[in-house]
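Presented as structure tokens, the chain that follows is alone, the form predicted on its own.
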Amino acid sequence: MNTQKIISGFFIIMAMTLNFGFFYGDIDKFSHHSPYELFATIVVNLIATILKLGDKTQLGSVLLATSLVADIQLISAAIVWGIALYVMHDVTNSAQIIVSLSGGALMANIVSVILFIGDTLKSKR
């Protein structure tokens, strides 16, 4: 077993599942989307990005790109949430933007997981 692949795979898949947990729910009911889950999603995505930095292969570059896309979208969602909460004092009007940004990050995470699984299946024993 390759410990590096196990740890990297764990964080890639955990980032996707946490992101799905935040994204899932009625977009009009902001109570379905937890700020703590968004924070956890951002942290796990950043860890997954850091783990992808050492890979020098072409696939590693694509995995890093998908991770950076997810990071940017999730951080943007957190910034919109912060502005809506502390500047505009009304998060409910920005809920659709926040959840949509999370959905974009979820798509990037899904691509990353598919690429990771494809690389795992094509690797030889």
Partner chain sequence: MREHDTIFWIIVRRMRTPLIVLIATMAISILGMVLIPGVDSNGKPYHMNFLDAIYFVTYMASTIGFGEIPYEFTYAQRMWVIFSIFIAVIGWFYAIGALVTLVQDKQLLAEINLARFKRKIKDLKEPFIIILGYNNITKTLINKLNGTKRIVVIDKSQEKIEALELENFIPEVYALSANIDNPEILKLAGIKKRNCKALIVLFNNDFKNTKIALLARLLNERIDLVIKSTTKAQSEHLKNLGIKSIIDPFELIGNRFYLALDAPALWLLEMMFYKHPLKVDTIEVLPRGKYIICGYGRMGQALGKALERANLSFSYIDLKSSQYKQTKQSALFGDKQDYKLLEEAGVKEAVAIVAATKDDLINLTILLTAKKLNPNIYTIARENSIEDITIFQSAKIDRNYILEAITSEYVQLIIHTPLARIFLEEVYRQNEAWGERVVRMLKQRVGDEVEIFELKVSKNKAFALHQFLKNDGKVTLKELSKSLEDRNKEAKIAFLLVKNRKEQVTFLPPQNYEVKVSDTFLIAATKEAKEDFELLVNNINEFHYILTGKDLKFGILKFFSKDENE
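Positions refer to the first chain, counted from 1. On a predicted model such as this, the values are computed, not experimentally measured, just so you know.
A second form of this protein, the form predicted in complex with its partner chain, is not displayed here; the remarks below concern that form.
Remark: Q4 counts among the residues lining its partner chain in the predicted complex, judged by a heavy atom distance of 4.5 Å or less.
By the criterion of a heavy atom within 4.5 Å, I47 is counted among the residues contacting its partner chain in the predicted complex. At a distance threshold of 4.5 angstroms between non-hydrogen atoms, K56 is in contact with its partner chain in the predicted complex.
Contact annotation: M88 falls outside 4.5 Å of its partner chain in the predicted complex, judged by heavy atom distances.
For the marked spot (G21, Y24 and I27), a heavy atom within 4.5 Å of its partner chain in the predicted complex is absent from each of the three residues. Though its partner chain is absent from this view, in the predicted complex it lies within 4.5 Å of a heavy atom of just one residue from I72, V62, I97, L51, which is L51. Contact residues in stretch 102-120 (any heavy atom within 4.5 Å of its partner chain, taken in the predicted complex) are absent; none meets the cut-off.
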